[in-house]
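As a starting point, one isolated chain is supplied in structure tokens, in the form predicted on its own.
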């Protein structure tokens, strides 16, 4: 198979970060769609919602009142999936019934006091505050000797399980490495030992040469559609300098990260002219005190929309039983994202 066949023939693509494969079937884009569509109707945005438990001054669980914050605001999740006081226990029966306790902390990061904003509609200075907050939380949580992983992420949109539209994200700090980070850490360490460079540094150089899947770039970060993308408009954000976590970013790099996050969010919204749902999260070095020169800071965007604002991709059938599969090639997805305007569609009015 030569490279041109990747646009028309079924093939598999290898993900070196997880060492897993994805099936690509570009010829299936011609099939008619008769599946489920989503209702994207949303209430008119308001700057303050008296019923929102994330807005300044409002009450949260058990009567705790939010402060009248004016920038970012961080607090321990009132309904945390992990707790720091979980006792250490284990079940082990013949290697088949195995369970271990998991302690940790869950934090909520409000990006802005304004209820109606998203990353796409925040200013660079406002997003820079968010980046600084993420870096501070990574350092603080990661300094706990009982924490080995700090996962910073944002779920946006009801279809991604986000129950509150106020601009916010979450941080989960685990005492062990979650599955995806463990897979990436192992692959990055093996690549470093073989080649003496980070896997994502070498991959980024290839993408910068080919330019087929590049979306946006500034002096410090590159946003692209990865060659092995699973979701229709999945993207990868990679730092140009080989740093292992947000706390190693310099002042100008933090501002550049804020700028490219804003531009990425604008282009997602402009693709289907709707508040675009996604899960976004950073992968950073483990926080067990070890040396991780092989780990390269990056963020994943996993959006579910397939062909319009109302058609969503689900993982079903062969994908759940065999391997992930996609119809739209990463190159086509990159082309669509590149062609949308840089100015947010709501600002055109």
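Numbering follows the first chain given and starts at 1. The shown structure was predicted, so the numbers you read here are calculated from the model rather than taken from an experiment.
Omitted here: the form predicted together with 5,6-dihydrouridine-5'-monophosphate. The next part is about that form.
- With the partner removed from view, the residue among 176, 86, 164, 205 that has a non-hydrogen atom within 4.5 Å of 5,6-dihydrouridine-5'-monophosphate in the predicted complex turns out to be 164.
- In terms of contact with 5,6-dihydrouridine-5'-monophosphate in the predicted complex, the residue from 248, 198, 129, 170 that brings a heavy atom within 4.5 Å is 170.
- Interface membership of residue 53, defined by any non-hydrogen atom within 4.5 Å of 5,6-dihydrouridine-5'-monophosphate in the predicted complex, is confirmed.
- Residue contact check for residue 61: one or more of its heavy atoms lie within 4.5 Å of 5,6-dihydrouridine-5'-monophosphate in the predicted complex.
- Mapping the unseen interface onto this chain, residue 230 falls outside it, with no heavy atom inside 4.5 Å of 5,6-dihydrouridine-5'-monophosphate in the predicted complex.
- Among residues of the shown chain, residue 136 is not one whose heavy atoms approach 5,6-dihydrouridine-5'-monophosphate to within 4.5 Å in the predicted complex.
- Per the 4.5 Å heavy atom criterion, 5,6-dihydrouridine-5'-monophosphate in the predicted complex is contacted by stretch 71 to 79, the sole one of 261 to 269, 190 to 198, 71 to 79, 234 to 242.
- No residues of 119 to 137 lie near 5,6-dihydrouridine-5'-monophosphate in the predicted complex, the criterion being any heavy atom within 4.5 Å.
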